[in-house]
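In the form predicted on its own, a lone chain appears below as structure tokens.
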């Protein structure tokens, strides 16, 4: 029986358990794309809380690839240093540092997530076609040159991610952003070799995946996040996601992070506990590679059942970790595996009453060097 607190090996990387901090956009940079103190305060407690993997939010591969001016970026050498401090701090407290690299496409040039309005100093968003998302500004259809430059930008961002000390890179091809826009016939209206049929619509994602894979060390795993369905008739489907995932496996992907939606405002998502898990099951069974499950997974027993029954290999959590950064520690106790997880020695008294939680002395080392 596979347990939530069993290790997971992807290429040359082994996670201590099957819990990860999902990338969550914070919109808290200062317009330059550099991670700030906020990102340190946001992510390090969740890494310290016991997650085996901690993934930094969608980091733009170009300035125009940002959702909003406050987005994290990794489009230049100036970003490596701040990212390196963040990655080192995550690793110091016992979690594997990872990063999601992204391009917003037609969903760019906006204010922060809590302000539903255009950016105060807007820029021209790029997309496969000049088709707007809802009431957003109409994007510019990408030329062959734009496409080639963006693929190169993903590869360059992957190299900077390695230089910064991240140990897993995820390619963001979900939630209606650029790579997802190429996949869906609702947003990709091209009639050239980058659109049309399944082969044309998947070409950009596969080219980006191959370029990123080539930029990473052989032992370093690559994840790809997909929306397994648009939840809109005539859009991208779960069946197509299975086909794409098999091709991504050939392109060097080691795990598929299965989410859904985000491309079309007409979507009707059947929200409920574990509502994304059926997509993960379909991809895992149909494409034959590990998957991460997301979507209203909130209880330890629920997460354990998903892993134990082979529905997914990794659980990525977001909102529940905003409410409780120490959810993994509580889950270890609840599932009878307190010895499988470590708390900082400074917290020993607090956790001793809940069970025999291990202590990690390395967490007590000073962070001045960071």
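Residue numbers count along the first chain shown, from 1. Just so it is clear, the model here is predicted, and its values are computed rather than measured.
Absent from the display: the form predicted together with a small molecule. The rest refers to it.
**Q** Thinking of the small molecule in the predicted bound form, which stretch from 232-240, 146-154, 294-302, 87-95 has heavy atoms inside 4.5 Å of it?
**A** Heavy atoms within 4.5 Å of the small molecule in the predicted bound form occur in 294-302.
**Q** Of these, 58, 312, 53, 48, which has a heavy atom no more than 4.5 Å from the small molecule in the predicted bound form?
**A** Exactly one residue meets the criterion: 58.
**Q** Residue-level question: is residue 22 within 4.5 Å of the small molecule in the predicted bound form, judged on heavy atoms?
**A** Residue 22: contacts the small molecule in the predicted bound form.
**Q** With the partner left out here, check for me: in the predicted bound form, does some heavy atom of residue 180 sit within 4.5 Å of the small molecule?
**A** Residue 180: no contact with the small molecule in the predicted bound form.
**Q** Residue 318: heavy atom within 4.5 Å of the small molecule in the predicted bound form?
**A** So residue 318 counts as contacting the small molecule.
**Q** Using heavy atoms and a 4.5 Å limit, would one call residue 107 a contact residue for the small molecule in the predicted bound form?
**A** Output for residue 107 is no: heavy atoms all beyond 4.5 Å of the small molecule.
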